[in-house]
Every structure is written in C-alpha cells, then in structure tokens.
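What follows are structure tokens for two forms of the same protein chain, given separately as structure 1 and structure 2.
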Structure 1
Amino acid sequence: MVEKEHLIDLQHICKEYDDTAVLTDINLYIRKKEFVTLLGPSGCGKTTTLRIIGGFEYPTSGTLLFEGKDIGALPPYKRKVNTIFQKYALFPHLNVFDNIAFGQKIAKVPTKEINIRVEKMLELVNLRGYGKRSVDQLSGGQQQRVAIARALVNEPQVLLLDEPLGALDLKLRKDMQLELKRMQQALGITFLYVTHDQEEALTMSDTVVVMSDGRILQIGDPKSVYDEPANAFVADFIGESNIMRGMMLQDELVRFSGANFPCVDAGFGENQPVDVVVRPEDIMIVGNDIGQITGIVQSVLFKGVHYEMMIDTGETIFKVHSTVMQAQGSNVGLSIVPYNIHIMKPMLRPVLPSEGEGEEEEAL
C-alpha cells in the first residue's frame, strides 16, 4: 500500500488562554484524501485544534505546516481550507443557488463557470433542481447540504467540519453520516471532522484521534481504536466497556473478578497491577457449570438488536450483550476467550468508598 502524502502537520502545538492550557503538545499529521475525526468530550480541545488549522485561532507555541510550508501566521482567507460549523450561517435573503455561488462571485469567477460549478455541487449533494428555492423552505438536512456545497464549490484542499450534524435528528444524522463519507470519497479531498459522537467517528473515519484535557490519547483506524484502546479513558469513551482492576500474574495470564484468565498480552511483568477491558459483546453466557466465573442476572433490557444484561459475580457486575435472553434472577456462567481480554497500564482514577478511605485517588 502506497503511503499518502502528508498534507497538514501539527508539531508540538500548544494553546493557552489566560495562562490556562487548552492544548498541550499536540503532534498530528493529516494525509491527503483522508477522513480524520477529532473525537472527545466537550472541552477536550478538539474544536480549538480545528480552529487553529482553519486560521481562526493562533497557537501559543508550535508549528503548523501545510504541504511542508509554515502557515501558522496566515489569515483564514489565505489558507486552502473551508470550514462548516454546526450553525450553517446560510444567507436567508439568497436562494439555494446564490448561497452556493456566493464565494465564487466574490472571487469574480466568470458567470458561466459559476453556473457549471454550482450545478455540479447541487448534484453532488443530491439537491438537483433546488437552486431557486429559498433556504427557509428547506429541511435541516437540506440546509446542511447547501452549507457543504457552498464550501466545496470553492474547491478547498481541506474541508473542516465542526460538529455539523449536531442539530439534526437521529435518523437524519445517520443518513448524513453516509452522505458525508460518500461525498468525501467522490471528491477525493481531505475532511477533518470534529465530534463527541463515537458512532459518527467509527462510521465515517479513516483515522480517529481521541482527545481529552487538551491532549491526544490515541490515534488509529476505527477498528484498532475500538479493539485496542490505549487506556481506560479511551475504552470507556469509545463504545461500552467493562473496565476492571486486575493483576498481571505473568505473560498471557491475568487475574480479575476473583479468577485467572488466559490472555494474549505480554510484557507487563509478573504480579503487576493493570486495567482490564472486556467489551459487553465479547462475554459469552454459558452453563454455570462450565463458565470461568458464575453470576446472577440482575437486570435485562431489550435493546433492539440484542439484550443487555447486568450480571453480578460477587466480585464484579458485568454488562453483557447477547442475542439470547437469560431470565432475571437466573444463575449463569460467563466465559471470555483470551483475545477478547485487553490489558492496559493502569490510570489514576478516584477510589470508590468501598475500596479505600482517606485517599482521593490511587494508581494501580
């Protein structure tokens, strides 16, 4: 596989407001024709990172390169990027065609060329024939498509999208996720997308960048970030997880929830505290006479595709997803195959009242 060229490089980017760090040592490269998503909770620094790339903010320190050239001091209009925000900021006094053509007219592009480009964009965003309509007559999803067309008609090398689906209902969001990915692939340009929605990130991205507290915690393709989270925060934020304290007894053998489990991890040393992650869908419910551990089904919820059961083993309450329901109150066995157990170095986190007194936090 041929490695794509770097388009954007962020090198040791830091940003402070009133001596408060918002971004700390951000190092990230974005390749040509790549769909990259910055994912994290509110306040993690993902929008600030996007705004620095767009030229709406300037870093306190560090270097921002575009095709190898330092653009850290360039204003937004001199950068080969366009930005779409959650509020589409369409011009209500202009129809769909004129909204899309606005930037082209400002740039004094010939009228004939504008007409060709706008019609091409209308077809790309599935709004062919909508050119003369008022934007007030459009649904939220259609308005969002107009905003995308208005940005893309300027032929940017990079499209920055700051939570553009946030105002849409659930079904429309899912439809637009697929539409955005289709457009990105059809145009072959770089998309940098900001969201706090894990499903959006996993659905659309080539690369996911997980952020927290102004730092990058993990970078990878959606499958590797989901299957191999770098730490407990990533595991908890990306999908649902059972996260437990454990003890690495030796290579490929870990103890948690009162039992020893074979695993595929190594290199942690002997008798070392670790964090253990097991996804709910990776726990098998078996007979209580053959399970590695046993428990009692506390609750059962039907989630449409699967049942979600909370199973109390005495040591741990496991969340389990299964297509086969077990009755509340029944005794079951639980089995976990080695490659579904993920071992990580422990993180600092609060001690629960039952785990210790007089301490605010501890490291395993």
Structure 2
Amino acid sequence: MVEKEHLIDLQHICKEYDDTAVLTDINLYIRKKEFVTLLGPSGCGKTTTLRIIGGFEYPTSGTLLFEGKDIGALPPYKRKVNTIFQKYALFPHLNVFDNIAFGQKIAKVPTKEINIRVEKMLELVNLRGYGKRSVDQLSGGQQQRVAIARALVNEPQVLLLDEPLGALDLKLRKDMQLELKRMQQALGITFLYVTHDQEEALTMSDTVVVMSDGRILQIGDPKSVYDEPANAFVADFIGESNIMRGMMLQDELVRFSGANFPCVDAGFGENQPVDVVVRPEDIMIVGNDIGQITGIVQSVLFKGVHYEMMIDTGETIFKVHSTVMQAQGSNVGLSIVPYNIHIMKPMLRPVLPSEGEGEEEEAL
C-alpha cells in the first residue's frame, strides 16, 4: 500500500556484488518536499542506495517506486531525479553557462528560455556574471554551486546529493549547509542527502536514516534519533556517548558501573542484560558526598564551549562535558537524571566501529 504523499518507495531492496551483500532488505519511503539524510559510516551502503535511486546501479531484488510506479529498470536519463556527485563531475570542456545549460539543451528548451533559466540559476547560487568562466578557474565551493545549479535548472522532483560538501573546508561547509537548506525550502524540492557527518545530518534533515552494514538501523527526525537512539551503535555514531553494559533489575531501575540508578524505562523484564547509554553532557558533576557514584578526574581537555573530562569510577571511565572545570586528580560525585539514562536491548555485534572511521566509501 503506497500512500499518496510518498514520492519514492524502496521496498525490500537488496543489492549484491559477487555474492557479497551490500544492501539487505532496505525499506524506506520519502515524502514530497522532505529533506532525508542517509547517515552512516564508510561502506554502510548509503551511496549504493542513492545510486540505485539515481539509476546507476540496479537492485538485485526488491522494488523501487516513484510516485507509485515501478522505475527499477529505467536508465538514469529517463528518471525525474538529478544527482550532485562527490567531486561535482562538472564537464571540464564546457564553461559555467554551458555546464548549467547541458540538461536544458537535451530537453530541447528554446535558446531564449535557456538563457533566462541559466541566469536565474546563477543568481540563485550566487554566481552572477560567472557564465563565461571555465570551470577549472573556479574554487571548490564555486564548482559545488555550479553542480547544484546544473542539477536544479532541470527542476527535478528529487535532488540526490552524494556527500556534496565532503571536499570543502569547515567554514565553507557550514555556510553551504545553510544555503542548501534555504534552497530546498525555497524551491520545495525533495532532497535525499548522503553523509557520514552526523552533525551535518542533524542540522539539515527533516528525517535521518541511520545505516550500518547495508541495513537501516533507525529512521526518525533528528531530535528523536539523538534522544532516543534505537541501539548502542546509533547512540555511538550520533553524538558522543558513554555506553555500558548493564542489568535491568526491575522496571525503572537499572544497575551499571557498580550502582543502581532509577530510570524511566520499563518492560524489559527482571534481571535482563541491557545496553545503557548516557550522553556526556547529561552527567552532572556534584560534590563527592551527594553523587550517585564517585570518581577521580583523570584528564581535562578544553573544547571551546565546554571541558571534556574523563572520570574514573573504578568500574567505568565516564566521558563528561561541563562548562565548569574540575582539577585533575580531584574526587567528584556524579549524578544522572532518570530520563537521561537510555536503556536498549543489547546488540548482537560485539565491536562498535568508532565514529568517523576511514574515508568516504568511494574514496578509491
């Protein structure tokens, strides 16, 4: 059953290369005008998912619907989507104007109309007067804007973006994040965005899809993904976390790091092993006589807005963020508010890949 507002539906999509599964049973729908981000570490299958929608890869099994119609077998040039590639893939032998006009010329739009549309696009991406420049003369940020204009001029229903800001420096990346969001809202186009940068995903998206190992782990809006991670992997990948093995003693009472903590979760049963996640900013440092547990400050790092302290309780080393610095070696008490303790079913996977590990999956 496909709802009317679904623009794209992926149903049980699987992809294998030489018997290696790259995507396993991907189910996802994208609504009109939605900003959806596929987020995950290298090799998690997010780019492959995007390329299947773009038409550059074909799924081994499963159905891909666009406005309710099966487009799984259509070649890329017959799909109403456009793509922004990693490293932009501009046509080096054409100038900025001809790059942007490329799709319009194929669509046989009258020359006059092309001129008007391209000029409008140059204005939209803040490149007025750059039409005659060669694309080699542009900076990375400018090339990025040309790539965006080249796609948007065709008025696609969906824009697919494959780590488009990966090659830009931090400042430019932040600016472009805001600008992309502004364009998406102004034009009312659906964006499907691929990134491994969790902050980028949280900043820009309406919906975040967290992927790992070719599977979808969680789908939700940024706040719910951050506040209610589905499992320890999502918690670890999105934001910083303290992840501990614990024991659910009874409803609303959990034991970890050698102490019992009241919490708000229930329904796990009694004496069940669980994963416990606590964000570093949710641990309060209090006097060592009133804390739920006590520990010794091992190290202090200045991080700009806050201090990052590693506090050893003997059982666990907690990462704690606070604007107040504690002296190294001092004895402190730690306290956690019940609703900041996140309880999850333990993951089968023993090892958690660390965040930001490796390069982009297409770095070759």
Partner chain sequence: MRKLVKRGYLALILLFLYIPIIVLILQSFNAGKSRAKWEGFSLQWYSELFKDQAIMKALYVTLSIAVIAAIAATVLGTLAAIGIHAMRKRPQAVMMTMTNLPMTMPDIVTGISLMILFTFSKIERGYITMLLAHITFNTPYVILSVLPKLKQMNKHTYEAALDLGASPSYALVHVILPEISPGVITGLLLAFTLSLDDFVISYFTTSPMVQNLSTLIYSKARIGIEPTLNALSALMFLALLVLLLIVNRRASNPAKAR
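One-based numbering along structure 1's sequence throughout. Just so we're clear, the structure is a prediction, and the values are computed from it rather than from any experiment. So that the term is clear: the rigid core is the largest set of C-alpha atoms that superpose within 1.5 Å between two forms.
Visitor: Of the two forms I pasted, which one is the form predicted in complex with its partner chain: 1 or 2?
Guide: It is the second structure that is the form predicted in complex with its partner chain.
Visitor: Aligning on the rigid core, do we see the C-alpha of residue 92 shift 2 angstroms or more between structure 1 and structure 2?
Guide: It does shift by 2 Å or more.
Visitor: After a rigid core superposition, would you say the CA of residue 138 moves by 2 angstroms or more between structure 1 and structure 2, or not?
Guide: Yes; residue 138 is a residue whose C-alpha shifts (by 2 Å or more) between structure 1 and structure 2 when the cores are overlaid.
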